[in-house]
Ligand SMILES: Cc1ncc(COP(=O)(O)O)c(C=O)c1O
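First, one chain by itself: the form predicted on its own, in structure tokens.
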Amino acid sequence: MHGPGHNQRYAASESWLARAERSIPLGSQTFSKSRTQLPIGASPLFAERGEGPVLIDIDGNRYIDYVCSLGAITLGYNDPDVNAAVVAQAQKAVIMSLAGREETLLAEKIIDLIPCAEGVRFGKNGSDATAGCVRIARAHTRRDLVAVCGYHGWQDWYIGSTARHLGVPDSTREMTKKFTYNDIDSVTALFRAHPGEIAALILEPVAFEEPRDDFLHKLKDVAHANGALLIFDEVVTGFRFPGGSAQAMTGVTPDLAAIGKGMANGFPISAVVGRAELMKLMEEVFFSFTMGGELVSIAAAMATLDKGREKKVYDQLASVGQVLLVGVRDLIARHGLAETLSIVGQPSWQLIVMKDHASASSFDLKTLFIQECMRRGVFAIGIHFLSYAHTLDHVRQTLAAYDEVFAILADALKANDLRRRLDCEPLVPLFKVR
């Protein structure tokens, strides 16, 4: 192992990390963009700009980007149509002392696109939207408990149920219960254990596992039979999946949904959407903040959603992503890595799963994977978010890089010398969110 700091490829990134950590915990505003997820000495840590599907770091290295700002970039960096809409709105106002008509226009567009949406309220982050859904559900049912499956943001009501619960009161943590995806018995068991107490079930309807045996339909039936609401967290899947949402793709319409990342191609906006009678409660439930009607992001969302429909963006994400999904699966088999690597998920949102091996942990494996991908100009940490700017040529370049990377991984596992091939300390677990 060479250790951090030897690699001049990332010299500016490492220098800026040292400076940033003097004023910012971990040197980043987001855990997923910090040294907890990116190995120092083997990956970039600071970006300079983005162009289409390409990320350029502050050392000038270029990468085909499959993180896409944690899935927020659906069209590609610096999309000209979104930028034009943003500039036009910014010349009028960013935010004003009265509501803008643009708020209504975007709400109407979302109602037209999302099956469950009969009313809309805007937030800024996905966590705003999921928390808003939970608050409405509690107000409607007059119950306190919430059952969760998957990842739903940073706020107390959810994060208290994870290993990252420092600072969350025990009384709050006790109000969040967990159930297991594709296991309807785990849901019915919760209702038996807490009769008349559960306000809602909230889950990512489709993530890296396909719903089996009509799971989502059964989930809705069980929730309603027990007086609870069904909430879909579509912060990731909204405006990324075929039809524009997982609810459209699966044919299961929830009572409420949270949408966010795909709405505005990277501009900060999210939304709570749902049935009219439930959204009417927003007149009493407090969900209000200064930036809720911020107009530049609303303009970006209008342009993003218009382009999504006009250019059939969601279909292209699926078709290009399918080539990547199948290509990676074939490479895993070709290099004899099937016991250690697999790829799961939907074409537009994929995950390379890494398992412990007799000669290396999954985190050792992930660190070497990241190191070698970055060297070859592929910004990949195991997850694939596709954007409209990704073409089949980008996918071919990526698969050629993965062919080399997987060969290195296979050889390192066989030789039992994976750690000696690292230019950095291996990553360690943050916490499991899905």
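Note that the coordinates shown come from a computational prediction; the quantities given were computed from them, not determined experimentally. Numbering starts at 1 and follows the sequence shown.
If you look for the form predicted together with the ligand, you will not find it shown, but the lines that follow are about it.
Proximity to the ligand in the model of the complex, defined as a heavy atom within 4.5 Å, holds among 204, 103, 364, 197 only for 204.
Proximity to the ligand in the model of the complex, taken as a non-hydrogen atom within 4.5 angstroms, holds for one residue of 181, 208, 151, 191, which is 151. Note on the interface: of 123-131, 108-116, 165-173, 90-98, the segment with non-hydrogen atoms within 4.5 angstroms of the ligand in the model of the complex is 123-131. Within this chain, residue 236 lines the site of the ligand in the model of the complex, having a heavy atom no more than 4.5 Å away. In the model of the complex, not one residue of 266-283 has a heavy atom within 4.5 Å of the ligand.
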